[in-house]
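Next up: a single chain in structure tokens, the form predicted alone.
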Amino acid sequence: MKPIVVLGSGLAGYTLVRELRKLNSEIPITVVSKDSGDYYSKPTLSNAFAQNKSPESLVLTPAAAMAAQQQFTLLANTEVRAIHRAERRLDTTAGPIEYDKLVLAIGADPIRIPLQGDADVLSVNDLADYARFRDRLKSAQSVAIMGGGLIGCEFANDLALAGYKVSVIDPGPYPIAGLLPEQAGRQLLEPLQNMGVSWHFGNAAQVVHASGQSFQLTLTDQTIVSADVVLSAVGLRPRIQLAKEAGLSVNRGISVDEKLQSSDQAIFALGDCAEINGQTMPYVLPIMHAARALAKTLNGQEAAVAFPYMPVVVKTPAHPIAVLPVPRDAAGSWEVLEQGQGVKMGFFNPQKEMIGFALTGEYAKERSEMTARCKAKS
């Protein structure tokens, strides 16, 4: 019997394996991982340094223990070179692998900004990246972060808390502009500035030159920013190349329907690499809901994923934030509901129903109440 093969050992891949094992203890499963296959929580990478967490301490379950607990075959440190759809076979660095069903949970890559100069720019997208970043910080006092979105601001808070001088550079007008309305996003400015973070909005790094043991960044307005370490946190791009080369339908991500099925009925995708009915959903809660639905489908009980309202918690303890993101094309407007040590805002559609919210500071703890309010009007 050919196995269900899962490519990827991150949150998406391992959550799917766990959910499938709850339903079926007999079905053969093979997990192919390009790294060690150790299980850890990727969202912790952006707030682990101030807690002095080593890469090893972030591992929740070692690969061998995970494979034994969930009864699957693990091929670690294995690259997939090609998918042969007609034969349902993978070409890998460990040899050919046949599959009955294939699940792509291969994640996303950091977006690389073209830079002039002798740039040595780091990004943190996995444990190995975190280990390199942590090693570089040992002899550093300052960090320049390219990107003032969710991940950039989480890193800025964490590094400032650890005592580093932090500069944040972003072409947008205010922090986390892709998720938050302006009044909510600007709430982060002063609390992080009070911790030693300097903001450079409406700007991008153009040139990065080594200067001794540190770097000088020239911004678009010709401002010079000096830093010992440069971190890129400008976002992630779904890994679609393998699927594209196999002839699967791709857009921003690997195109799948509400059953997480791709344009090939034997191949599915979930997590950061997937585009579900036209939307990428790179957060923990959507991944978990998708994995539960896909496990049912793979077990012979076809199930469409249904996403409830799922707020995102931003890990900026200097000024807590919770947001229920609004689709970019949503009709409606933001309204201030309350303000004090932070702000409470709701996004209302033309029918005056709240379909999104942004909570900062003292209001961030109200996310469950606000989520329920959205549900009542959905």
Partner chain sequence: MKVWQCVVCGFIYNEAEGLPSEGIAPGTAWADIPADWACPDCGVAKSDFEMVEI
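Numbering follows the first chain given and starts at 1. Computed from a prediction, not measured in an experiment: that's the story for all the values here.
Not pictured, yet referred to below: the form predicted together with its partner chain.
Colleague: Against its partner chain in the predicted complex, would residue 349 count as a contact residue? Criterion: heavy atoms within 4.5 Å.
Modeller: Residue 349 lies outside the contact set for its partner chain.
Colleague: Give a yes/no on whether residue 11 approaches its partner chain to within 4.5 Å in the predicted complex, heavy atoms considered.
Modeller: Contact check for residue 11: yes, within 4.5 Å of its partner chain in the predicted complex.
Colleague: Tell me, yes or no, whether residue 60 is in contact with its partner chain in the predicted complex, where a contact means a heavy atom of each within 4.5 Å.
Modeller: Contact with its partner chain, yes.
Colleague: Taking its partner chain as it sits in the predicted complex, is residue 368 in contact with it (heavy atom to heavy atom, 4.5 Å or less)?
Modeller: Looking in the predicted complex, residue contacts with its partner chain include residue 368, since a heavy atom lies within 4.5 Å.
Colleague: Ok, 333, 341, 41, 54: which has a heavy atom sitting within 4.5 Å of its partner chain in the predicted complex?
Modeller: Here the answer is residue option 41.
Colleague: What is the one choice in 140, 288, 119, 303 with a heavy atom within 4.5 Å of its partner chain in the predicted complex?
Modeller: For this set of options, the contacting one is 288.
Colleague: Its partner chain isn't shown here, but in the predicted complex, which of 193-201, 90-98, 162-170, 278-286 has heavy atoms within 4.5 Å of it?
Modeller: Of the options, only 278-286 has residues within 4.5 Å of the partner.
Colleague: Listed by sequence position, which residues of 291-313 have a non-hydrogen atom within 4.5 angstroms of its partner chain in the predicted complex?
Modeller: Result: 292, 313.
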